[in-house]
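Shown next as structure tokens: one chain only, the form predicted on its own.
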Amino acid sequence: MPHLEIRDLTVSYEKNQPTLEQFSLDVEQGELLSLLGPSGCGKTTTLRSVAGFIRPDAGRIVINGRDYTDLPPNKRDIGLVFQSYALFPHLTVFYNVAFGLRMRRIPKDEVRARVTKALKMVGLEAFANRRPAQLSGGQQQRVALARATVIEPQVLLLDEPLSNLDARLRVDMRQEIRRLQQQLGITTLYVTHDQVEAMSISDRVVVMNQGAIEQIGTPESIFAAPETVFVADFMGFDNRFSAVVESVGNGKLRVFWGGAPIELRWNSKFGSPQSGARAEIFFRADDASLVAGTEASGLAGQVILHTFHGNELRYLVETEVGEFSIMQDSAGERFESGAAVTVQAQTQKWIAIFEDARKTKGKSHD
């Protein structure tokens, strides 16, 4: 049995315009599952419904076999970390972390022992007597994590917890959250719009769009094998072009890229494509390369611009098929704007998505 069950959840902020409609999702015991998607996709609405801050129009929320749907937030055995940390400025770190335990009337000796242990886990035992204003952003986030986990909740909810931190701190805190979650074994629902964040800390990722689940799977499967056009776009496949399937065989399909035939894999989950079917082809900027001049084995183009990215250079190349973004090692051959080049395909990681694929996707996943 899943530890957290969301069943046929419907939430509307405006009449007849549901943000979520019959949305279902299972989260396993001890799993960290991320809800990933753009603003307005329904991920925070889902989390706030689980927390009890939003009362759904329909559906159920069950945690460890108990129906939580009609319970107020303060009666739910849930830990919550907000985007803004929401620490009490007039309380010390110790009493911020102790707040939930004191509200539950836990004996003082046990409160002190549990708070001390929680602060040690997040490396803040030496800061117990400081107030939030005397801490850095990363330290405040650690206090919020300690406060949410010290009550030993059934489920931990994190709502964009790293968005207020700078880039270096975000990396450090991702590791801290993952370490703490695995150490405690808490079932966790994590909301983010950051693909790298979701990929780096999750057991599974749910990509959401307009209140529905586009795809759910491991970080590796979401990254490498998007099942819909939306997921491919959202997960950073920089390049896209339309093609007509010329032939199918041996688990691959053949299309023309300009005048050049190429073979690439296709997602058999959506059935067998037929010759003449239209596909959307996606590839990342580092899954193609440039050579100088015109070669028969690729697609002729012209460099429009290039930008420096440390160890790599990103080129924007105009071709008869469209404009493509290509990454090259900055230590290799360089091409100036206006240079004639050939784009050579490295199709091992290219993907084909068929236009009717989205129609096969449901609004719920178990």
Partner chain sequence: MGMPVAYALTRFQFAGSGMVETVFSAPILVPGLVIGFAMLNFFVLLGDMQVMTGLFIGHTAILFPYSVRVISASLRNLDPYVEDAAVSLGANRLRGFVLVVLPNMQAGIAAAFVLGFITSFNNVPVSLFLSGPGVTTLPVSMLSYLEYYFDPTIAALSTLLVIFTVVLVQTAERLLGLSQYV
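Numbering follows the first chain given and starts at 1. Remember, it's a predicted structure, so these values are computed and weren't measured experimentally.
What comes next is about the form predicted together with the partner chain, which is not displayed.
Within 4.5 Å of the partner chain in the predicted bound form, a heavy atom is found for every one of 53, 73 and 151. Shown without its partner, this chain lists 244, 292, 86, 296 as candidates; in the predicted bound form, only 86 has a non-hydrogen atom within 4.5 angstroms of the partner chain.
Only one of 179, 120, 90, 278 lies close to the partner chain in the predicted bound form, with a heavy atom inside 4.5 Å, and it is 90. Not displayed here, the partner chain is approached by residue 104 to within 4.5 Å at the level of heavy atoms in the predicted bound form. The partner chain is not drawn, but in the predicted bound form it has no heavy atom within 4.5 Å of residue 232.
At the 4.5 Å threshold, heavy atoms of residue 253 stay clear of the partner chain in the predicted bound form, well away from it. Although the partner is absent here, residue 217 is not a contact residue: none of its heavy atoms lies within 4.5 angstroms of the partner chain in the predicted bound form.
Only one segment in the set 244 to 252, 75 to 83, 279 to 287, 108 to 116 has residues whose heavy atoms sit within 4.5 Å of the partner chain in the predicted bound form; it is 75 to 83.
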